[in-house]
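Next comes just one chain, in structure tokens: the form predicted alone.
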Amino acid sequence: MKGENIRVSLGRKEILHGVDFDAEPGKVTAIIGPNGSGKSTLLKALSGEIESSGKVALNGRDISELKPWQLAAMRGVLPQSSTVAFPFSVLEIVRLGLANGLAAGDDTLPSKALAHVDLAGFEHRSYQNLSGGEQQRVQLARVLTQVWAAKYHDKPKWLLLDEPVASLDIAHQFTVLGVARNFAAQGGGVVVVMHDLNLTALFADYVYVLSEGNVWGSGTPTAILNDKTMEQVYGIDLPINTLPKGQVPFILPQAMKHDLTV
């Protein structure tokens, strides 16, 4: 996936100012930055959800030249939030992804996808009666059924995820990140908007830092997550890799005993 000189305007206000972006299959590419920096807007431009100038190519093809069904076969998009107005069951929601993908004839996929996000047995539950975190995982299962196989005819498929762990407890944050890592390990591409910098450092292969609609910098988590980034992008004097003073408990995700790829 490659973006060149991406510009997005809302009315007379330009939100993205000529962003260049490059994500490789087999890797997890994270987009971070302060609130209002343009992260979700960039993801929507990369997915083709909103109009933008410049060029976005998916597997070498300009997305402006692809039909909706062709895009749907190549990439699945998890938005920051989803509104469902009708009383659908969980299975009905997940099957929406099955209808848009290349494996529409495989009725076993919805249940497999739900099991992947720790919702096995939820098929006949009412979507409206689920918690916010459970609904988010149902939506991820929907996206997974759309792009179930990470590759098709040796071409990668793509997961585009907008803050997929924002409403989840810590255990299910690792569940969802494990799904993303597995998809990349199988040859697919993952682009994800993140706020949690610790989790970004733990599971991303490459990071883009946005600030005021521009790419402030990019690199591996080790290279880009540093004191300078915290000060100049986030405006906070917060040193990286420094233990907090006193006896305040803190949780270090990197200390997890099990590999994210399962």
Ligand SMILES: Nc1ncnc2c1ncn2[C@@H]1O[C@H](COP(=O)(O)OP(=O)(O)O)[C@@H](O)[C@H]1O
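Numbers for residues come from their place in the sequence shown, where the first is 1. This one's a predicted model, so the numbers in the text were calculated from it and none came from an experiment.
Unshown form predicted together with the ligand; subsequent notes refer to it.
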Legend entry - Contacting member of Val248, Leu243, Leu10, Leu252, with respect to the ligand in the model of the complex [4.5 Å, heavy atom]: Leu10
Inset, instruction - Using a 4.5 Å heavy atom cut-off, indicate which stretch of 27-35, 197-205, 66-74, 233-241 touches the ligand in the model of the complex. - result: 27-35
Inset, instruction - Check whether Val19 has any heavy atom within 4.5 Å of a heavy atom of the ligand in the model of the complex, and answer yes or no. - result: no
Legend entry - Close approach of Ser52 to the ligand in the model of the complex, 4.5 Å, heavy atom: no
Inset, instruction - Examine Thr41 and determine whether its closest non-hydrogen atom to the ligand in the model of the complex is within 4.5 angstroms. - result: yes
Inset, instruction - Using a 4.5 Å heavy atom cut-off, state whether Ala23 contacts the ligand in the model of the complex. - result: no
